[in-house]
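There is one chain below, alone, in structure tokens, taken in the form predicted alone.
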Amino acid sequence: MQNNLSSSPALKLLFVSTPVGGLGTGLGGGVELSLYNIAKEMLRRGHTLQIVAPSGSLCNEFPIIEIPGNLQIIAQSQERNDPITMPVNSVLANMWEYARQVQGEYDLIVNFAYDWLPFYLTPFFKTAIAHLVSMGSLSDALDQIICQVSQAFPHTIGFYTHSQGATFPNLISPLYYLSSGIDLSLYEFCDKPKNQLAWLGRISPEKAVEDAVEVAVKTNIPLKIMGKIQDEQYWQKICNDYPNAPIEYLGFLSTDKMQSVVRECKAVLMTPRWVEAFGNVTIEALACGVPVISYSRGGPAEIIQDGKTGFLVEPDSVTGLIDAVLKLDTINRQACRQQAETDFSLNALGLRLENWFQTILHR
């Protein structure tokens, strides 16, 4: 059966979310926004879907099967050569056991978890599994199993960016680079910002929010910080190290509240210590007409048009961030919005995903 928005046959899709936290809690970082937007677009295009996520999920817009169990330890908190571990009564194992039981009801399973188990289980499933890899290489064991799946099941590995994919060794082509997309109608353009900056993301060491705080201190420009505190000790150290910094922590906000703050900022700062797979924050800022200043590392370096929609600076250079802040008046904020509309609409993302899904199924 054909639907009226897509040239692709209508599919029955099973999305399996990240096991590090309930959907909508912010614990999953950018994976949550990606899953939300992809689900929204797949439904709009006439496909049907079911989402499997940990208990405590807060998203009411989609059909969610909530699975109980203990949450998985986040990959970025572990060492590269650590063994693969799962807690007792693992929610990761429980979600994939549920997927195994119901797989016959679906055309395709889409894995959003950056975890070893779904890749290992791939050969044991009769229904094809598409793996959307959400982070760069962090684990030798995970690298190995992803490589094995890319060889045994061609076309099933998807990345956000080439920068992210390049961190994984020995992968077998073809690989898919899917970028990302957002519902642009949810982000309001603002041409006249206030004298303030913004930083968004999970508050954890690999995100290096302290560099953005230092920019605020040295420029005396207020900094609005938004996101889930994933490492409380790390955040308290920043607060202790910069007791008089002109910063305000606003918490983990809904998209509507977040964009209402971001759109009034002169720029969004991105300060990753690691290779960002994509950086949804980047396109959310651009959608508001807000330029992005980022370390030239990972996904943001493939998104930001240096000197036109923001600035790319030498990784880990706070001086570079400050120099870029001083040049913000040269950026046309309308160009930022235009880039988001051209490259990162949900329709464009939907087309890329449909092509990927169909390629897997035709194999």
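In this text, all values refer to a predicted model and were calculated from it rather than measured experimentally. Start at 1 with the first residue shown and count on from there.
Beyond the structure shown, there is the form predicted in complex with uridine-5'-diphosphate (UDP), which is absent from this document and is the topic of what follows.
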| item | value |
| --- | --- |
| Close approach of residue 280 to uridine-5'-diphosphate (UDP) in the predicted complex, 4.5 Å, heavy atom | yes |
| Residue 322 within 4.5 Å of uridine-5'-diphosphate (UDP) in the predicted complex, heavy atoms | no |
| 4.5 angstroms heavy atom contact with uridine-5'-diphosphate (UDP) in the predicted complex for residue 224 | no |
| Contact of residue 335 with uridine-5'-diphosphate (UDP) in the predicted complex (heavy atom, 4.5 Å) | no |
| Stretch from 91 to 99, 108 to 116, 194 to 202, 164 to 172 whose residues place a heavy atom within 4.5 Å of uridine-5'-diphosphate (UDP) in the predicted complex | 194 to 202 |
| Joint contact, 30, 258 and 284 to uridine-5'-diphosphate (UDP) in the predicted complex, by non-hydrogen atom at 4.5 Å | yes |
| Option touching uridine-5'-diphosphate (UDP), based on a heavy atom within 4.5 Å in the predicted complex, out of 263, 155, 207, 131 | 207 |
| Option touching uridine-5'-diphosphate (UDP), based on a heavy atom within 4.5 Å in the predicted complex, out of 120, 189, 274, 125 | 274 |
| Neighbours of uridine-5'-diphosphate (UDP) in the predicted complex among 251 to 274 [non-hydrogen atom within 4.5 angstroms] | 251, 252, 253, 258, 274 |
